[in-house]
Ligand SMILES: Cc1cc2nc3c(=O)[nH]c(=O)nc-3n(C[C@H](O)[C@H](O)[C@H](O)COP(=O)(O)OP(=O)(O)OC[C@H]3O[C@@H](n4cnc5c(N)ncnc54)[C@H](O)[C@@H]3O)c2cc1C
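Here's a solo chain for you in C-alpha cells, the form predicted alone.
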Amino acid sequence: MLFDTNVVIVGAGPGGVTTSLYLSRYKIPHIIIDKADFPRDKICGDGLSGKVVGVLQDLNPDWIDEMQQDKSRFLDSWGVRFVAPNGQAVDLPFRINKEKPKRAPGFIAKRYEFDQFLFSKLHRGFASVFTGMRLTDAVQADDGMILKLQVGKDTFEGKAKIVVAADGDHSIIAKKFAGKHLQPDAYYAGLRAYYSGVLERHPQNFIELHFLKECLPGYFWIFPLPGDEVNVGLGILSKDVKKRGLHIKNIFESIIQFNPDIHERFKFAKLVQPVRGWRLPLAKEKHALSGDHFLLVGDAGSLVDPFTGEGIGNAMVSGQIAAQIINRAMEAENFSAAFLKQYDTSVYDSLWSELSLSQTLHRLVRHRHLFNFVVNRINSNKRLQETFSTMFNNLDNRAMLRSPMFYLRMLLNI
C-alpha cells in the first residue's frame, strides 16, 4: 500500500488547495493528489470574485498584495457590465455599502496562472503532494476508504480515514457514494476561447455578460485579461442544447461574426487558443455533500452559482469549511456520515441564500422583455444604479428581485 493516512485530498484546484492550506493551519498532515502535473490549464471564465479575495485575505493578506503587484498575471477588476437582449448595457461598479473599495475587489487571471499561484502556496511541511496521480476507483471500509490509484501504467492502493473529493464534476467519490446524477437543467454547456486584439475593453476592466436571445438564460461573456488578451465564452443550459438541438460552437461563432454589438469589436481579433468546451454543474438543489469517510468540495458537490456561473469562490469557501470539519472529526476520532453531516449544514448555511437567489435571477433572465425593462430603468435612475451595484455583496438587495412590488415601483418610477 502506497500510504495509510488520515486525510487525502483528491484534486489540487482552488477547492482542494484551499482545504489543504487550512488543514496546514490546523497542523494536520495530509496528502493531496492530482491527475495533472502543474502548471496546467483549466477551462474557466477566469474571474476571481470578492469571495475569492475574502478567502485569500483570511489565509494570508500578503498574497493579495502579491497578486495586485503582479500585473503580468493578475488584472484588477472593478465591476460588471450587463448587456440586455436589446443591446442596452448597464455598468455596475462593485460596491460594498455604497462605498468604493480602496483596492480592486476582484481580479481576472487565467486559471493556468491562478491555480499555479495557489499550488505554490501549499505548505509542504504538512501537505505531501503527488501530481500525475489519478484516482480510478474507491472502496469504503469500516475504518476508512481504500483508493485505487494510477501513475502512468503503474497502479497502487492508498488508504485514508477521510477523503476530500475536490476533483470536479466527474468525481468518482461523488458519483459512487453520494449518488450524484444531475439532470440536464442542472448543467451549463460552456465554451471558452482566448483572443487578442478585441476592441473597446472597459477602462476599469469590468467583466461583460451579454444576455443574448440565442443563449438565454445563459450568456456570452468577455473578460479582459492582462496584456492584450480576453477570455471569451458562452454558456447555455444543457437542457436547452438537447431540447432545441443547438450546436453551441456554431452559436458562439455566429455571435462573433454577425451580432451587431459584438462583431465590430472582433474585426481585428485573433484567436490565441482554440475554442474548448466543458460543463458546469449548477447548484439547483441541495445534494448530499458528505458520507462515511468523505466530503465533496466545489464542483464535485455541484456548487456553481446558477446565475453568474461562479465556481471558484464557492469551491474555496467549501474547502475552508471542509478543513474546519476535518479538524473536528480528527479531535472526535469520528468520520461517520452522521458526524460529517455538519459539513453539509455549514456549507449550505454559508452559500444557500445566495445560491437560491441566483436561481430566481436565472429564471427571470428567460423573460427577456423584463430584463430589457430592468436594464433601461437602471440606466435612467442613479438610485437604482447604486442599489444594483451593491447587489453582489448584499443579499437583501438581491432578494428584492423576487418581489413583484419591486418591478411595480420600477414601472411607476418610485
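Since the model is a prediction, treat every value here as computed from it, not as a measurement. For every residue, the number given is its place in the sequence shown, counted from 1.
In what follows, reference is made to the form predicted in complex with the named molecule, a form of this protein that is not presented.
Considering 111, 161, 284, 287, which brings a non-hydrogen atom within 4.5 Å of the named molecule in the predicted bound form?
It is 111.
The single option of 224, 105, 218, 190 touching the named molecule in the predicted bound form, heavy atom within 4.5 Å
Exactly one listed residue reaches within 4.5 Å, namely 190.
Please name which of the stretches 320-328, 298-306, 75-83, 247-255 has residues with heavy atoms lying within 4.5 Å of the named molecule in the predicted bound form.
Among the candidates, contact is made by 298-306.
Would you please decide whether residue 208 lies within 4.5 angstroms of the named molecule in the predicted bound form, comparing each non-hydrogen atom pair?
Answer no; every heavy atom of residue 208 is more than 4.5 Å from the named molecule in the predicted bound form.
Looking at the partner-bound form in the predicted bound form, is residue 180 within 4.5 Å of the named molecule by any heavy atom?
Flag for residue 180 set to no.
Using the partner position in the predicted bound form, report whether residue 362 sits within 4.5 Å of the named molecule, counting heavy atoms only.
Output for residue 362 is no: heavy atoms all beyond 4.5 Å of the named molecule.
Give a yes/no on whether residue 144 approaches the named molecule to within 4.5 Å in the predicted bound form, heavy atoms considered.
Looking in the predicted bound form, residue contacts with the named molecule do not include residue 144, since no heavy atom lies within 4.5 Å.
Are there residues in 129-149 with a heavy atom within 4.5 Å of the named molecule in the predicted bound form, and which are they, in order?
Contacts from 129-149: 133, 134, 135.
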